[in-house]
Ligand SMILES: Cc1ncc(COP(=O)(O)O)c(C=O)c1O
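Single chain ahead, written as C-alpha cells, the form predicted alone.
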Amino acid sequence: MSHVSLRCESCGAAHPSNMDILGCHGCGCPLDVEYTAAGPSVPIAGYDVRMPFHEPAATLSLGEGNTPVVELSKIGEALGIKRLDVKLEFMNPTGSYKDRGTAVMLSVARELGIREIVEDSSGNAGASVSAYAARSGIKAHIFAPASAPAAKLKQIRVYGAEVHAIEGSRDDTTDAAIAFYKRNGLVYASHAWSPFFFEGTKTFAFEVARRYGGEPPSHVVFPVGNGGLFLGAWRGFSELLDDGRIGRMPRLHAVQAANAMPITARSRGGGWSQADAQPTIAGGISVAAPARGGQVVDVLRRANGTAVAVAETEIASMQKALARDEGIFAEPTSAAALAGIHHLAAEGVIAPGDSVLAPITGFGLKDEVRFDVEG
C-alpha cells in the first residue's frame, strides 16, 4: 500500500499517486503530494525528509543539493541591507536548482517503470531532465523554444535527449509538448505540473534551516516563472514548521521580469494577459501563463510575501554587479531576484536590519551575456 496520494489544494479531491495524472479530475488544478501514512525518508542536512518513492536505496542521484551559502557584503551594503546571503544553486550537477526536483521526479518515474518521457523547458529544466534521464536509462524528449540560448540547447543534446526546437513563445513550446505526449501516449514529466518535482525542490528549505541554526533568515527572495523553487521551499519550510523544527516561517517573496509578470500583476490586483508578455533576458522566468500561478499567489499571501517586477536594465546591471563586485557569475534569471531585493527594500518590505537570502538559481555560462542591455 502506498504512503502517498495526490491532492488538489483547490477542491480537496484525492487521486492515486502516479505520473499519468497531472491535474485534478474534478477542477483541472495542479496536484500536490500528500503523505497518508508513514513511509521512506532520506537524510537531508541532518533532517529526515519524507519522500514520495518507496525504495530509498534505488533512488536516482547525481550528487545534487548541499549547495553553499555566501554573503554579499558589497551588494548588501549598496542595497542598505545588514545581512544579504545567496545560496549557490548553480553548483548542482547540471548548473541549476532544477536538479533537486528532477532527482525525485525521475526516481519516481524509474520506480514506476517508465521508459520514455516528455518535458518542455527554456533550458535549465530540459538539461536537468536530460541528464537524469540518461542516468536512469529513460528516453527524454525535450521541447524548447528555438530562441533558447545555444549553450542550453547544446547541454540538452549532449546528454542524448531528443530536442524539439519550437518556433514561437515559451507557451507555444508547452502547447507543442502537451500535444506530442498525448499523441504518442507518453508521460509528461513537467517541472511545472508534476507534484513530485516540488518534493525535490523542498530540500532547499531543509538546507537553509540547518545553515541558519534552525532559524531561517527573515526573508527569502526567489526569481519566479513557474514557481518551481518558490513552491518547493514553501513545502519544505511548512514541513519544518509543522514538525516543530523551526520556530517561524520566513517571508517568501517573488521577483519577475517586468516583461513577463503575470504573478506580480495578479498579486497586486493589476490586469495581465498573455498578450502583454514581451521578450526578456531572464529566460528562466519568461512564463506568461504559469500552470501554478494561482498557487504561487496564494502562497505569497500565506507567507506574508510580496511580488515585484524588475526592468531589463535592472537585471543586466545586477548580473554585472554580481560578477564584478562579488565574483559570482549568475544567469540573468538569478540576477533578477537580487534586483528585486532593491524594490522590496525601497517599499519598506525589507528593513535594513533584516537578514535576506536569495538563490542563485543558474550559472552564467548557461546563458548569453547581454552587453547590449545597458544597466
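Numbering starts at 1 and follows the sequence shown. Predicted model only: the values in this text are computed from it and were never measured.
Although it is not shown, the form predicted together with the named molecule is what the next lines describe.
Asker: For the chain shown here without its partner, which stretch in 213 to 221, 297 to 305, 179 to 187, 97 to 105 has non-hydrogen atoms within 4.5 angstroms of the named molecule in the predicted bound form?
Answerer: It is 97 to 105 that comes within 4.5 Å of the partner.
Asker: Of the options 92, 280, 122, 155, which one has a non-hydrogen atom that comes within 4.5 Å of the named molecule in the predicted bound form?
Answerer: Contact with the named molecule in the predicted bound form is made by 122 alone.
Asker: Among 84, 133, 285, 254, which has any heavy atom within 4.5 Å of the named molecule in the predicted bound form?
Answerer: Of 84, 133, 285, 254, the residue with a heavy atom within 4.5 Å of the named molecule in the predicted bound form is 285.
Asker: Can you work out whether residue 319 and the named molecule are in contact in the predicted bound form, taking contact to mean some heavy atom pair no more than 4.5 Å apart?
Answerer: Contact check for residue 319: no, nothing within 4.5 Å of the named molecule in the predicted bound form.
Asker: Taking heavy atoms only, is residue 228 within 4.5 angstroms of the named molecule in the predicted bound form?
Answerer: Result yes; residue 228 sits at the interface with the named molecule in the predicted bound form.
Asker: Taking the named molecule in the predicted bound form, which residues of 169 to 186 have any heavy atom within 4.5 Å of it?
Answerer: None of them.
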